[in-house]
Every structure is written in structure tokens, then in C-alpha cells.
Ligand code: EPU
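To begin, one chain is listed below as C-alpha cells, in the form predicted alone.
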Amino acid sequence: MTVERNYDLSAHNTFRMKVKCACFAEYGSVEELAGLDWDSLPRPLKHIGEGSNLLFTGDFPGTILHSAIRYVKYVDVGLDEVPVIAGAGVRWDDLVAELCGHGLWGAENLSHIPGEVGAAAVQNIGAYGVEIKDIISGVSCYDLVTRKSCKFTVDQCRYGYRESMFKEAGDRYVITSALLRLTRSPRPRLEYKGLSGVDASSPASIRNAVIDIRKSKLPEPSEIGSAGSFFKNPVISASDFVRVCNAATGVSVPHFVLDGGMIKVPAAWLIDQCGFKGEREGGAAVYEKQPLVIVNATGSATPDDVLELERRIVATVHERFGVSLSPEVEHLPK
């Protein structure tokens, strides 16, 4: 158990914002989490993983909670489906590497995504045709209101595009572990065009292909600060899509038709069409290889630099295409 006051959060956010919190509490078990002196902790309370989907807009006035529950348990009952329980503090990509190493299918498309298991389950991370909801059976949590442990099935989690009931509930529930379901039989998911034709002989081979794709498009957190994809891909109506096509001045608009006739348009394409690739604001910049990503280009960008660049992108895309972009990255304090 670690509880520290006036704590430097620089190492707990991949944007590398130089900010502090009033208190930082890290626990290694559900018992340690339950045993915290809750009445003494500064409010508000916020639970984070690696801080890979966060923008700290300034110092956090309350308590940051972090899980160091790091275990992986295989429930091998000799069937094709292999249940795996992972602690919330396990690094997500370390888990995927381990699962692929054991020849288990299901998580390979989600390779090289930064963060931890608990945060991945809150965010419903997704990439290359797969979301974490596709392999989660349920999660175990600690309820900060009742101060009791509880469990939720995948249906109760109400997963959507980068959404879940945990986001709707605010910071009430702290995920302590997740139950995943993997398979021994091959089930490659190669619908994403970048994966067509890759070696699908094993989950490890698909993992390697996914890592190569991500490295070609996204900055390495160890090399340059960012929070990955900064904006959600907007989902718009058919009539709004017609307006986007008219504003595109003869350029074909990439899109995906969803159930119910709604249409998803890549935010990266909209941003690129507005000329923001490589654009700078102070120490922040739009990543030259992927306009969906804002980076701490100088290593000394301030939260205000990122916020102003975000504001300019949102305003320009709306002015040209009539589409309102929403950040995927959570802003703290709100």
C-alpha cells in the first residue's frame, strides 16, 4: 500500500503533463483497497490505469487511485474455451503477449494498446475489428458508495463504442479484475483491410502484424508523449453524410455503414482534410503520421497548448463539414 500527498503525476500519464495530485493511493489487493482510510482522502476520487487515455488539464485537487493488483489466472477445464482472470493492474499488452504465447485466440487484434486491464475494461478498447467486450465475460469491482465488492456480467457492463456503464456511473465502481474468454481453436479476425493476407497461422503471427501496423501509424509512448487517438470517430446520419460529401469537394469520403443506417466517418480523415497534420500549438502538435493523435512534440507542452489545439481542430472541422468531434481522451480535472 502506498499513500502519498502532493504527488507528481508525470510518470502516470502518457501525455507527460507535469502536474500533481493532492494525494496518490496505490493498492495491491482488494483488501488493501477496502482498507483505505476513505474519510481522510482529499476529494474528488479518481481511479486511473497507466494514464494512457488521459489529459491532465492541471493539478488534480483530489485523490488519484491506482491498482497494483497484478495476477493472471487460467481456469483450464479442458474445453476449447479458456477462461482467464486478470488483475486490473496488469499491463494490457503484457497480457495479450502472454495469451498469444500460449496459443490462445481472441485478444491478438488488441495488441500494443497501452494501458492496464481495468482501464481497458472501462474504456472498451478496440482496434482492427475487435473490442474488448468481444472477449470479456464479466468484471469484479469495488463499489465506492457501498464499500463492498460486486460483479457485473458483460451485458450489465453495457458496452458501446468507447463506452460502458462504468463511465456512466462516474467513479463509483473500481474494477479489480476482469474475466476473459479465449479459445484454443483458431478464430482469426481479418476484416480490417490492413490485416488481409497476413499470416494467420497463430495468434502470435497476427499480433506481430498488428504491432507493425500500429508502429507505422502511432507514436511510441516511450519516445513521444501522447494519449493515442484523441478524438472519437463521429457517427452521423445519412443526411449529415451527404453534407460531408458535398463539403469534400469531389474527394471520396471513407465511411462505415452501421446498423440502423448511421454512418461512421474517420475523424482522422476529417482532420487531415482540414490541413491539421503536423500543425503546432506551443509544444503540442498533430502527429504527422496520424492526424487523429495529438502529441507532446517538445516534451514540454502545457495542458493549455493541447486544449487550444483541440479547440481549433473541433472548430475547423465543424465549420467545414458540420460535424462535431468529441474527444476520446478524458480530461482531468473536468
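One rule holds for the numbers: they count along the sequence shown, beginning at 1. Computed from a predicted structure; not experimentally measured.
Not on display, but discussed next: the form predicted together with the ligand.
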**Complete:** As a check of understanding, the residue in V96, L218, I236, V82 with any heavy atom within 4.5 Å of the ligand in the model of the complex should be identified as L218
**Prompt:** Here the chain is shown alone; which of K133, R172, K232, R184 has a heavy atom within 4.5 Å of the ligand in the model of the complex?
**Reply:** K232
**Request:** Give a yes/no on whether R243 approaches the ligand to within 4.5 Å in the model of the complex, heavy atoms considered.
**Result:** no
**Message:** How about G126 - does it come within 4.5 Å of the ligand in the model of the complex, if we only consider non-hydrogen atoms?
**Reply:** yes
**4.5 Å heavy atom contact, K289 and the ligand in the model of the complex** = yes
**Request:** Tell me, yes or no, whether E328 is in contact with the ligand in the model of the complex, where a contact means a heavy atom of each within 4.5 Å.
**Result:** yes
**Item:** the ligand in the model of the complex reached by all of Y161, Y192 and W269, non-hydrogen atom within 4.5 Å
**Value:** yes
**Asked** Of these, 143-151, 99-107, 69-77, 221-229, which stretch puts a heavy atom within 4.5 angstroms of the ligand in the model of the complex?
**Response** 221-229
